[in-house]
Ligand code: FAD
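Presented below, as structure tokens, is a lone chain in the form predicted on its own.
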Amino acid sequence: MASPVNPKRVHTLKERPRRGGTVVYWMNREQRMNDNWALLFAQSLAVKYASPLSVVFCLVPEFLEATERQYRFMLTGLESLERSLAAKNIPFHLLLGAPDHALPRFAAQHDVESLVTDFNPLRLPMRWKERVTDAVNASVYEVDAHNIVPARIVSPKQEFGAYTIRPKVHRLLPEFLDEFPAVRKHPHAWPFPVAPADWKAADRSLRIDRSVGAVAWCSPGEAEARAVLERFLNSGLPSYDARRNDPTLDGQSGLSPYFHFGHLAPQRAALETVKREGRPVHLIVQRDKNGSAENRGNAEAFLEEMIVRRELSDNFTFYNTAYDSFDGFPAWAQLTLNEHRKDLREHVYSADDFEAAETHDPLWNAAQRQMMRTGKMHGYMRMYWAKKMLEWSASPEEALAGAIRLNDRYELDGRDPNGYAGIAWSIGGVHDRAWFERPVYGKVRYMNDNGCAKKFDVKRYIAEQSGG
């Protein structure tokens, strides 16, 4: 079986001589069976070498600030995934514990010859990958199944902003935006005993905060992700560009949790969008001769956010190891924020004040309450929310740490490159330029409630998030 995967998606981490063992896909970021280049590559290896194939997921008992909200969404999705894989004769193994401890033991016990994993640019998953690669006696391959244009291919360095990565992504889209083949029923049986995952034991193994509960508006899993995509394409895309920045309207796609947990491939969303448009992707994303984004089409606006901005975030977190610290800000932003460290702040709030939505600003409080209650803050409000934390915190470092903690604790799509990049843009000028200088912010872009009032009905938003 020739591999259906563009070889540029595959990054070889280690090669060992073949010895006739098994092939394992170590699933991490891409928690789905369909439209998954990493699983397709693993199956192509297994078919080529007449090897058994299985999928392994390592459940860590705690992960950054994740709570019951995020773990419940993830575990429910994995439980349905186990059933889907079984129908394809691909066993699913749920291992409890950190990958660098659990996976080498599993690999030795199950004669793993080839280990395939997916691309994740964040620090901790990268560290796990390095340790597992060192520990296993197997060939190890990383497949970028998240980005349409693989992060390692689109650029070899951190990009300055959307304007520098955009032409690189657009140039390569025709090469990489190809249709997915289906996963086959695997022809070679797994030779070792397989017990169904004990989901109750998995839940008991968690050491997480249970006080932040699951949300009802968003159901996990591949089938639900595809249904949400279809609803958006039918009813949301035709007015996307006009409605997406108004927090009082249901104008966004609602796909971010599914992208984050890997229940939906961004490439599938792009493919379906292109099909609806009926013209090649390079024509959809084409701007006018002056490069203006004004009067662009809805499909272009959606693909800009879903491809360019999202892949810019992966680029940032992959090439900037300080993506969650002050040291990760550009030099101009560090300089200006340092120059304004001692500026008088009209309001200074503690971490508890922020979390409880107890500031003087009803708009900020409304955004915080929306996030706590629903697990999703509107994208436009996330910018305002983070910038005001800079203005009302004792230091930029305190603002950054506080914003990341709250985002990762409450947002369904927390602990994501998009979140880190968005907060770094708001507080530290990442992917932005210097603006007019002002107290506290220095030359970092400023936002206020008057600016929000010019874009949407602020009073309505506050009333909605207050239950009134």
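No experiment lies behind these values; they were computed from the predicted model shown. Numbering starts at 1 and runs along the sequence shown.
Note that the form predicted together with the named molecule isn't included here; everything after this is about it.
Handout entry: in the predicted bound form, segment of 414 to 422, 436 to 444, 47 to 55, 33 to 41 with a heavy atom within 4.5 Å of the named molecule
Key = Only one stretch passes the 4.5 Å heavy-atom test: 414 to 422.
Problem - is_contact(Phe326, the named molecule) in the predicted bound form, heavy atom dist at most 4.5 Å - result: Looking in the predicted bound form, residue contacts with the named molecule do not include Phe326, since no heavy atom lies within 4.5 Å.
Exercise for the section: Check whether Ser313 has any heavy atom within 4.5 Å of a heavy atom of the named molecule in the predicted bound form, and answer yes or no. Expected result: The answer is yes: Ser313 has a heavy atom within 4.5 Å of the named molecule.
Practice task
May I ask you to check whether Glu305 falls inside a 4.5 Å heavy atom distance of the named molecule in the predicted bound form?
Solution key: Result yes; Glu305 sits at the interface with the named molecule in the predicted bound form.
Handout entry: Any non-hydrogen atom of Ala386 within 4.5 angstroms of the named molecule in the predicted bound form
Key = So Ala386 counts as contacting the named molecule.
Practice task
Find the only residue in Arg309, Arg152, His110, His186 having a heavy atom within 4.5 Å of the named molecule in the predicted bound form.
Solution key: In short, Arg309.
Practice task
Have a look at Gly161, Gly297, Gly379, Pro362 for me and say which one sits with a heavy atom within 4.5 Å of the named molecule in the predicted bound form.
Solution key: Of the listed residues, the single hit is Gly379.
Handout entry: Residues in 249 to 266 with any heavy atom within 4.5 Å of the named molecule in the predicted bound form
Key = Stretch hits, in order: Gln252, Ser253, Gly254, Leu255, Ser256, Phe259.
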